[in-house]
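Before any questions on how it binds or moves, here is one chain, the form predicted alone, in structure tokens.
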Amino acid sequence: MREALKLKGIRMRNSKRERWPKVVVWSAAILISTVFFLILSSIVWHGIGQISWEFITAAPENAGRAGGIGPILVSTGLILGVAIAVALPIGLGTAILLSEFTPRESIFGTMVRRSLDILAGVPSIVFGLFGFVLFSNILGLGFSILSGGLTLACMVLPILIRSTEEGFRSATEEYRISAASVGLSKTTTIFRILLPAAAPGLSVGLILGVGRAIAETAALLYTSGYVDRMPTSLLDSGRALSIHIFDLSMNVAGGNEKAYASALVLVSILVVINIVSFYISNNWLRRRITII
């Protein structure tokens, strides 16, 4: 009887100890969700009344107090397109090199990984100054969409490479052994077997990178420029949506309503990018798991 009571007491103490971590985790989740909901509610409340087809397609007027964000959206899309087009192949190739062809304990691999971790934490304004010196001045691109896109690609690469590398390493060794046992080449194994398995890591890296790039302001001030007209080429200057929001809220008297509306459009774009990325990683890439 005494042993039973003692065992019951131990179980009760263990139950209390296990309860506290759950309380902490749920409290943090609720706090973060509440803050996110309050921010999103404020943006929707102040900006939804300004959203219309004319606002989406028209050009800014009166320093942004009137008109819309048509040219701004085009410039943002072009800058983001350049960043993804450059960062995705380079990031994927580097991740494959680090995960499949470089031993984890090698000096080269360690140095590259530590460098990427440091770059991921570098302030965006430092990337902006780097892009201004290299792309705008040395390469002669000036204040242009191409210069801004290349600068954002440099910002996206550290996050994309590290998350994709971890995605490849999360694939168990049985994948590689099974592919080798049936005579598949290294290239086929990587792109037909390991890449679909690493799709979640690639998706996470792409989402985080794009999220940081599309909301970037400081880096683009030095590279893509401030002009709010419709761009005609990648060498034209173009104002990104984040810069437009900053300008309306900080420099334009009476521009807060348009700033909220532009912020609502920016949040909507981020949501769409998240949905599309998860769809691709969870469906399209998984259907490519075939053995040739």
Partner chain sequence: MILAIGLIPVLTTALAHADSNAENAQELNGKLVITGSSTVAPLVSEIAKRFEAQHSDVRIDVQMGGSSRGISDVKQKISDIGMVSRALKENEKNIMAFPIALDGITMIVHKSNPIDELKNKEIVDIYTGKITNWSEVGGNDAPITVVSKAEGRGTLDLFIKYFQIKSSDIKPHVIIGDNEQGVKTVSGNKNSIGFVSVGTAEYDAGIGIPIKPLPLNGVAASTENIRNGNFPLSRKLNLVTNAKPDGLAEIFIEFANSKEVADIIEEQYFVTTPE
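Positions refer to the first chain, counted from 1. Keep in mind that this is a model prediction, so the values were computed, not measured.
Below, we refer to the form predicted together with its partner chain, which is not included among the displayed structures.
S.K.: So, a 4.5 angstroms cut-off on heavy atom distances: do all three of A63, P89 and S249 pass it with respect to its partner chain in the predicted complex?
M.R.: Yes, all three are in contact.
S.K.: Quick check on W45: any heavy atom within 4.5 Å of its partner chain in the predicted complex?
M.R.: Heavy-atom contact with its partner chain at 4.5 Å: absent for W45.
S.K.: When the contact criterion is heavy atoms within 4.5 Å, does G254 count as touching its partner chain in the predicted complex?
M.R.: Judged by the heavy-atom cut-off of 4.5 Å, G254 is in contact with its partner chain in the predicted complex.
S.K.: Any chance L139 has a heavy atom within 4.5 Å of its partner chain in the predicted complex?
M.R.: The answer is yes: L139 has a heavy atom within 4.5 Å of its partner chain.
S.K.: If you check in the predicted complex, is L235 within 4.5 Å of its partner chain, heavy atoms only?
M.R.: Yes - in the predicted complex, heavy atoms of L235 and its partner chain come within 4.5 Å of each other.
S.K.: Do any residues of 179 to 214 have a non-hydrogen atom within 4.5 angstroms of its partner chain in the predicted complex? If so, which ones, in sequence order?
M.R.: Counting only heavy atoms within 4.5 Å of its partner chain in the predicted complex, the single contacting residue of 179 to 214 is F191.
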